[in-house]
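The form predicted alone is given below as one chain in structure tokens.
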Amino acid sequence: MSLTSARRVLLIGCGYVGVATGRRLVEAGHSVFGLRRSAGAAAELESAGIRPLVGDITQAELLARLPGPFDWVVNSVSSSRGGAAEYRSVYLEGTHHVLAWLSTQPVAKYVYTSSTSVYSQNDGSEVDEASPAEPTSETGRLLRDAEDLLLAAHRERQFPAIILRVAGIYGPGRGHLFHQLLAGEARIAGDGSRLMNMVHRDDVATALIAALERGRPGEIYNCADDLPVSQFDFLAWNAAQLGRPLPPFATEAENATRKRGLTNKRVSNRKLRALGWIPAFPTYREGYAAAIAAAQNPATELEHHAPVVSLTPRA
């Protein structure tokens, strides 16, 4: 990584992805601050060279107390898997508060992590940043509303917002379907053909830095790896690597209780790659190598699957 000058960087929602991003920025010589809702993870941030701050963007008055100004701001807050009310508070109202706060202390770049779940395509087609993003769920629409606030701020007053739509994040300590496989609880839903779009935690971190360095304000970039994979193929490959049988297909009753609104699409990362971003884990095969090794050698499991606290959005 080659950065030309040191910056003051604020990471809002400095959790699973934020710490990985902050560590890289610190190593590049930047002064990095990490904002979280509580002080419980201060030691984790400090060990990465990040200065911990406590605050909540749903409380506008707290933002004025932050030790700005900042050159770069990354917002990767999470609703902590809440419902529509929390989405509205965290994403929509929180974005209102941040925009109002930054109107008095301009920044050079502001990167906001949204989700590829805003694409509701269900026919297996490829989607890019120009594709319709018309989510059908209320929570998805709130994510789009927050994006629209930022894009409007760019159009109306040149606010330097960049939106990174992030696919399903996995990495050390994360990977729900993989851990279901390890526990013998995985089931192949339907016929297993639904496509999943994923990206490794460390590749999200380098994507955020690419957006800060070279992203164009007012633009949207998809952050996903190179290979959307069907649920069947994902489970079959990982089961083979682990020397385990293929999980059974879900029963009719189990399929009936599946999460509604699941999409089926191929998310293109070409626009992000055009910034010079190159994923270290271009497919799930490279990305899950460490998790497979840890499962086969339990002595290394704590190193590869340490518990984490995440404030990043689900994708």
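The first residue of the shown sequence is 1; numbering continues from there. Note that this is a predicted model, so its numbers are computed, not measured.
Note that the form predicted in complex with a small molecule isn't included here; everything after this is about it.
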{"item": "Location of the small molecule contact in the predicted bound form, chosen stretch of 64-72, 245-253, 269-277, 29-37 [non-hydrogen atom, 4.5 Å]", "value": "29-37"}
{"item": "Partner-contacting position among Val77, Ala186, Leu212, Ile220 - heavy atom within 4.5 Å of the small molecule in the predicted bound form", "value": "Val77"}
{"item": "Val111, Val127, Leu235, Ala167 - the one with a heavy atom within 4.5 Å of the small molecule in the predicted bound form", "value": "Ala167"}
{"item": "4.5 Å heavy atom contact, Gly55 and the small molecule in the predicted bound form", "value": "yes"}
{"item": "Close approach of Gly22 to the small molecule in the predicted bound form, 4.5 Å, heavy atom", "value": "no"}
{"item": "Contact test in the predicted bound form: Arg174 vs the small molecule, heavy atoms, 4.5 Å", "value": "yes"}
{"item": "Ser115: touches the small molecule in the predicted bound form, heavy atom cutoff 4.5 angstroms", "value": "yes"}
